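One chain comes next, on its own, written out as structure tokens in the form predicted on its own.
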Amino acid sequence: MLLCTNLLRLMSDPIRIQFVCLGNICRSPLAKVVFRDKVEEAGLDDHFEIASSGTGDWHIGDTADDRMRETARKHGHSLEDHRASQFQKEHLAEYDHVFVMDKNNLNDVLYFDEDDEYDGKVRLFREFDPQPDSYQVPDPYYGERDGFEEVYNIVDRTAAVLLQRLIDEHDLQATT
């Protein structure tokens, strides 16, 4: 009976996902909303808890970058409710998966993993990209507007593959 109770509890717990970039105003908030919208389209909202954060602290409380909000809106996603937050050491234990946007973010997050307990759950987001290039999502912040569109395309295709991988891994049934 205890085994069945624990199994039911585990089956009902959401899969907790955190997307991480540098300032939490461009790449990771976009990944969060694109992934969230794909989860909702699949009818799997109850199975996921999705967050984003940055490794730096200088944008805490800020809205997403205007150019990223515009890019997201153009593709039917909203970043209007986003407020930047900073990744914390305790997130390593709280989240099942931490997907970072580049190798610097990977190093910054793994810095908190002093006992090497969590490296299996911290991964480069583009490991799931069918066109991974350098495995890093380029930071569009200091570039031109077309860089935001490039990031959207990377995030959109990668989020689709990531969701399918998690559906398969957790034996979920999409309703659409």
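Each residue number is its position in the shown sequence, starting from 1. Quantities reported herein were computed from a predicted structural model and do not represent experimental measurements.
Not pictured, yet referred to below: the form predicted in complex with a small molecule.
Visitor: For the chain seen here without its partner, which of 115 to 123, 37 to 45, 128 to 136, 22 to 30 has a heavy atom within 4.5 Å of the small molecule in the model of the complex?
Guide: In short, 22 to 30.
Visitor: Consider residue 111 of the chain shown here, and say whether it contacts the small molecule in the model of the complex, taking contact as heavy atoms within 4.5 Å.
Guide: Heavy-atom contact with the small molecule at 4.5 Å: absent for residue 111.
Visitor: Within 4.5 Å, heavy atoms only: does residue 59 come near the small molecule in the model of the complex?
Guide: Contact check for residue 59: yes, within 4.5 Å of the small molecule in the model of the complex.
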